[in-house]
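Quick heads-up: it's one chain on its own, the form predicted alone, in structure tokens.
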């Protein structure tokens, strides 16, 4: 274990949005950081091949270099910040820095979700450590909460809105009635979505984050590939509106729960009551609800992306590393993935809950009775029913939406029922199914 405090010199690898904001924060706020932390943390290097963005931020040319090996050989550099992103080059830089005895700070959730245990093992073998507050929730200190403030708790569940792009899009759809494509275009125009938004809207970015958070919350190792993931890119505005009529808000929800027979991790659109605390999270903001057996429900809210908020989280890790706190935590706590064996992850079919179902059906006698009968045969009880007939319909030739909500049921049973419903001649296309997530009761010991 490396118990010494790392040298306060910092090297930032990559000067894009997050790297540039981090370098700018360290350079501009050096005096403030020293005043508040008591340690003179200093930006010594910016490592990149193109420094146009760094120059636009007014960062000192004396910090610019493309020679990573020279940076890693400098004994005054104790902390390396990886903001390159991706899985290949970043992983190579990561390993080189750790093997050179440097503490590594990163916001790279994809790298940690795919290769976290491997990289943590490299850090441990070399007496170094890694910190990743900025990987989940941008500027929200949720990693710090899991590895510090909530340590006395058995964590039972995590619920999170962890992608600002998706939350912005869903807010636009719910509040302004915009179609998904139009809301996405607005997000791109405002700089809240990439030109290729697939990683965000598919749910994979959120899956990376919940995999990391769940591993720390439960002290287990989870397989990203075993997390059921659905995005918002197929969500229909019709369902958002019907959900609102029923008193629900659509959110891309990340869930991790401790169950008696394993752990359930999932990412997908869900309906939550307008009274649920997470329903109040609008626009590009993020939030995480964490339930502990002693503390009960705690909630963390803030900006989940963007250069400045993310740089704030990166800087917090730098300061903590310079104090020696993160190194001690990394080498002491048993929560990290490399110290735990793979855990049993339950399939989506094992989930028990309430559900929203929309079927497009032809306006013929006995439609509801037929569908109700199939649901009943699969032990699914109907809670409510809603049908609105468009003005131009009524001749039996056009399909009309019917909406059903269920009482608690096993998702596997519902999937089986909907397979039968989808085969009916009276049903046009496939049914839409959305989980209704109720506010979790506190389970205080």
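Numbering follows the first chain given and starts at 1. In this text the structure is predicted, and so the values were computed from the model without any measurement.
Only in words, not in the display: the form predicted in complex with a further copy of the same chain, which the text now covers.
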Q) Of these, 100, 348, 122, 333, which has a heavy atom no more than 4.5 Å from a further copy of the same chain in the model of the complex? A) 333
Q: Would you mind picking the one in 61, 67, 35, 50 that has a heavy atom within 4.5 Å of a further copy of the same chain in the model of the complex?
A: 35
Q. Taking the shortest heavy atom distance, is residue 169 within 4.5 Å of a further copy of the same chain in the model of the complex?
A. no
Q) With a 4.5 Å heavy atom cut-off, would you call residue 362 a contact of a further copy of the same chain in the model of the complex? A) no
Q. Do residue 328 and a further copy of the same chain share at least one heavy atom pair within 4.5 Å in the model of the complex?
A. yes
Q.
Can you tell me if residue 435 lies within 4.5 angstroms of a further copy of the same chain in the model of the complex, counting non-hydrogen atoms only?
A. no
**Q.** Residue stretch of 223-231, 238-246, 177-185, 142-150 approaching a further copy of the same chain in the model of the complex, non-hydrogen atom distance within 4.5 Å
**A.** 142-150
Q | Heavy atom within 4.5 Å of a further copy of the same chain in the model of the complex - qualifying residues of 277-314 | A | 277, 280, 281, 282, 285, 293, 294, 295, 297, 298, 299, 300, 301, 302, 303, 308, 309, 312
